[in-house]
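In the form predicted on its own, a lone chain appears below as structure tokens.
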Amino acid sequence: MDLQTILSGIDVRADWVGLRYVKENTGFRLVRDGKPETNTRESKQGIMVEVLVNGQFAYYGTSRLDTAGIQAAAERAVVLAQAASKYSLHSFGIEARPVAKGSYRSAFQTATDAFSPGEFSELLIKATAELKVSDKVVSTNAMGRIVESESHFVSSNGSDFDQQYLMVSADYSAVAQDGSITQKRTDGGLLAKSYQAGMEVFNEDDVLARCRIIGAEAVELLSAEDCPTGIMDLVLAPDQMMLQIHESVGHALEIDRILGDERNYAGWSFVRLADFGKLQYGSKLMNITFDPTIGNQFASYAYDDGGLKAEKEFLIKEGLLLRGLGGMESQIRSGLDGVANFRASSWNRAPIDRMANLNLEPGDSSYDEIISSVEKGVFMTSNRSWSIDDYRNKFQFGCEYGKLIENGKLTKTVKNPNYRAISNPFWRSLKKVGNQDTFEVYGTPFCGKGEPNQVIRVGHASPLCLFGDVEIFGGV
């Protein structure tokens, strides 16, 4: 499709016009208890036409990819912009859409055609067999999702960039039961193993080895004591730090949320515009970066959907809040520094402020140094449940698997471990941050926000972390 030719042929009275073409193919397979249960393949494509009229941006998406269909969408977008401009929160200029030119291709080692559909299903069947380590494992699941996505953006002020991604998500889970006790283990949380990668994610030896551990830990939890209750140290594995960063840092720092745009649906934030540059968000060990430049992480890219070049930026450095998660529009409205995170979930959605790759930078403590420093505490891994208020302030999170830490050593396994806290005091209690050897990369396809709703991919990476004097409790 020649977008430049289509753009040059659009005839509307607008100060600026942009076209964003998106095509995406998604395959998903699920095997339950050795039997293939789901095998779907979805393909979608379309164009979002964007215009600037009277200082107001407006959008109209169309799946009609012929010239007449795109012209009609542009005319509808102009009508919407004219109507909305009477009630504008801000009158924008063309500087809100910087000129961008270039390409991005996600990296992978093994192409999708390296596995036949039958071979892929056979691997997932083998995975469920490995998960069933005993008769107490009553349910097993193995799933894989493969997404091939491409986008191309052109605009009347000269932008022309295309981006292509191959993204893979996988998860393996076992449910174990003994009488009235039921426990579940996953591979780090539902589809937490999400990457820009290829079929190397489904290396058979690695997959089957992990499945044996998952199944064994599900059975182990059946006879474990409940997590103790009390104020004590908390060590979080990187797969739980993913949720911790996402909910108590990421959403709280979205500038459109701070400006109130999300109050009707996703909520507000305890952070205020005046806090940037002043708020001590966490301890001096807390260094949070927005980094869409990491090769295999789930939400890497070269440009956001407004044309802003993606670069690594510190949002929080040595615990001090520096920068928000806001694209060019939010930066103009708020007067704050932001990042290239103006993103849409598909061709039929308008871009808004989203997380991309939001990471906690490694520190200098080894795994052994962290564990040995704890006199009494709990190690928790893999998110099981979460609850956080509309301001992203007070939260309560549960994990799948815990270990007591007593006198510097991991001892008994505990089930149903949970903790609760308030965002800033919690991050200020960060006592040790693991080094690069403890650093792990995760992602999720399921970050929801916006009206109409947009479910988008984000990535999070973190080392092992130690928090002091946290309210910990057991139970479901």
Partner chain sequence: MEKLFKQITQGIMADLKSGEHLGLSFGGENTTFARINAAKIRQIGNVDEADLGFNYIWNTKCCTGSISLSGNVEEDLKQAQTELNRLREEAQQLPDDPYLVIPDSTETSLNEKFGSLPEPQEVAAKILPAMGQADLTGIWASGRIFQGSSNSAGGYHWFASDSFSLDYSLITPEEKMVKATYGGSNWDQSEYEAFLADSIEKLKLMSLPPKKIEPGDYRTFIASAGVADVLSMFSWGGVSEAAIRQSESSLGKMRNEGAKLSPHFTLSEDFSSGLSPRFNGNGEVAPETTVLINKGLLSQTLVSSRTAKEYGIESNFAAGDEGLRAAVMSAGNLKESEVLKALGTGVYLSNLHYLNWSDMIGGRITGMTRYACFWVENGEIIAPIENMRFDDSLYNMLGEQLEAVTETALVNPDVETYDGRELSATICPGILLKSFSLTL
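What you are looking at is a predicted structure, and each value in this text was computed from that prediction instead of being measured. Numbering follows the first chain given and starts at 1.
We do not show the form predicted together with its partner chain, though everything after this point is about it.
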| item | value |
| --- | --- |
| Any non-hydrogen atom of residue 262 within 4.5 angstroms of its partner chain in the predicted complex | yes |
| Contact label in the predicted complex: residue 58 to its partner chain, heavy atom within 4.5 Å | yes |
| is_contact(residue 432, its partner chain) in the predicted complex, heavy atom dist at most 4.5 Å | no |
| Residue 108: touches its partner chain in the predicted complex, heavy atom cutoff 4.5 angstroms | no |
| Whether 156, 166 and 315 all lie within 4.5 angstroms of its partner chain in the predicted complex by heavy atom | no |
| Listed residue (202, 303, 347, 195) with a non-hydrogen atom within 4.5 angstroms of its partner chain in the predicted complex | 347 |
| Candidate from 283, 112, 366, 88 lying within 4.5 Å of its partner chain in the predicted complex - any heavy atom | 88 |
| Stretch in contact, per heavy atom within 4.5 angstroms of its partner chain in the predicted complex, of 146-154, 234-242, 252-260, 355-363 | 252-260 |
| Residues from 71-109 in contact with its partner chain (non-hydrogen atom within 4.5 Å) in the predicted complex | 79, 80, 83, 84, 87, 88, 89, 92 |
